[in-house]
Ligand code: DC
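One chain comes next, on its own, written as C-alpha cells: the form predicted on its own.
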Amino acid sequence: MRLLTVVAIDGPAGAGKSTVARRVAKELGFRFLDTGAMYRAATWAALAAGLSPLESEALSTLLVDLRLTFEDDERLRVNGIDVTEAIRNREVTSQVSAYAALPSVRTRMSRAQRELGEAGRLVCEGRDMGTYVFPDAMVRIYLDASPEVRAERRAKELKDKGESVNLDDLLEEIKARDAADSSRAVAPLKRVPEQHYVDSSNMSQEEVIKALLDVARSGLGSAA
C-alpha cells in the first residue's frame, strides 16, 4: 500500500484539533484541511434548506450540488456564500453529529477529502481521518482530552465571543456528541493501535503542538 504524506489527526469534539492541526501544518509547510468545517458546512446547508437529518432525495440533490471552497485555509464558502462564522453557531454545533452520521453525507465528504489528500503534504483533522478516509496516512494521531476539560475550553471560547454559557449544559452536549460520534454506523470515532495517542487534558496549546510536531516529523522522516 502506498503511504500518503498526510498527517491525520482524529479525536473527540472540543479536543482542540482544528487549532493545533492548523499550526502543525504551518510548521511543516503542509496544506491544512479542516474536515470538521466541511461537515459543519453540509449541516449548515441542510438546515438552511429546511432538511431534517434523514436520508432523502432532497438531501442527495443538495449534496450533489454542494460546492465547498477553502480560501487560504481560513475562510470557507458554500456555493459562494462565506459561512466561516455561521457554521460555528450553537444550532449547527448541536446538529452536526446527526447529519454527519448519514451515509450520504459521509460518502460525499469523505470522497472530497480523499481527493484533496491524494497530492499529499496535507494535515487534516476530524473523527475518522486515520481510520476511514486516510488509513494509508504516514502519520495517524488520536488527540484526546477529558469531557470536563473540553467543556471548560468551549465555555471560554463562547465567553470570549460575548455569549452566555452554562458549563453543565456544555458538558452534557459534549458527552452526547461523543456518544453519537462513537456509535454511528458509518465510520465512527474510534481509537486504533496504529494511532499515536496524545492526551491534552493537562497540556498547554504550545505543548500539544510540540508533541504533535515531534510525532509528525518522526513519522514523516525525509518527507517532512
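Remember, it's a predicted structure, so these values are computed and weren't measured experimentally. The first residue of the sequence shown is number 1, and the count goes up from there.
Beyond what is shown, the protein has a form predicted in complex with the ligand; the following relates to that form.
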In the model of the complex, the residue from 77, 88, 121, 154 that sits within 4.5 Å of the ligand by heavy atoms: 88
Among the candidates 145, 83, 137, 100, the residue which, in the model of the complex, approaches the ligand to within 4.5 Å (heavy atoms): 100
Residue 184, heavy atom within 4.5 angstroms of the ligand in the model of the complex: yes
Contact label in the model of the complex: residue 39 to the ligand, heavy atom within 4.5 Å: yes
4.5 Å heavy atom contact, residue 150 to the ligand in the model of the complex: no
The ligand contact at residue 141 in the model of the complex, heavy atom, 4.5 Å: no
The ligand in the model of the complex: contacting segment from 30 to 38, 167 to 175, 194 to 202, 57 to 65, heavy atom within 4.5 Å: 30 to 38
Within 105 to 127, the residues that have a heavy atom no more than 4.5 Å from the ligand in the model of the complex: 106, 126, 127
